[in-house]
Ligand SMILES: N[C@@H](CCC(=O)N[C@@H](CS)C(=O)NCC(=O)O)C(=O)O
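Given next, in structure tokens, is a single chain: the form predicted alone.
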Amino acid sequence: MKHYFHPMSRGASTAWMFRELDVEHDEVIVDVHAGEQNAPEYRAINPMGKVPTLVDGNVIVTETAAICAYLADRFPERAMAPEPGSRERGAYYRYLFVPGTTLEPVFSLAALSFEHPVASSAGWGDTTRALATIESMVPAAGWALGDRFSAADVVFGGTVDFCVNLFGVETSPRVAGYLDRLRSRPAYLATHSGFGTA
């Protein structure tokens, strides 16, 4: 199993997931500053030329949430995801998909001083809606799915943390408390040493 990533990218979250799982794998750092993501060999694995990418035998998985979900299901004994078919799986999927479909697009565009002129027709809405969504999804205590830390926290919490650090997204005390809990985890500390905390 090979994990292609760069520690100062979204790959920090997949590295964090691997650290939480404590499973053996090969880490391959792709030097994005040197353009290694554009090498033909890497583009053959991931045509987008993005990191992270996971190669597990003949299975290739790209996108942070997909990699984390795959790993959680690949190692069910680590209990990083609700049982397939369980009612908890619905909330779990929401925590996995909201970050990439809503949070990153809206805050990336906002950083460029752009918001869709008709927010209700954009899949990602607008900054006000995104902040309200974060506030509603962040747990007052514990983790996204309750008492048990899961891949939902790595993906959702990791993205909120990323948006706060990169885009300066303002946090409420509730969100700040959740981020503090995430940032105190040994696996987070081991994989995010280069990131500042807001």
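All residue numbers refer to positions in the sequence shown, first residue = 1. Predicted model only: the values in this text are computed from it and were never measured.
One more form of this protein exists, namely the form predicted in complex with the named molecule; it is left out here, but the text below deals with it.
Within this chain, Q37 lines the site of the named molecule in the model of the complex, having a heavy atom no more than 4.5 Å away. A residue is said to contact a partner when one of its heavy atoms sits within 4.5 Å of a partner heavy atom; K50 meets this definition for the named molecule in the model of the complex. For D56, no non-hydrogen atom is located within 4.5 Å of the named molecule in the model of the complex, even though that partner is not displayed. Residue contact with the named molecule in the model of the complex: V32 places a heavy atom within 4.5 Å of it. Only one of 59-67, 168-176, 128-136, 145-153 places residue heavy atoms within 4.5 angstroms of the named molecule in the model of the complex, namely 59-67. Shown here without the named molecule, the chain has S9, R10 in 5-28 lying with a heavy atom within 4.5 Å of that partner in the model of the complex.
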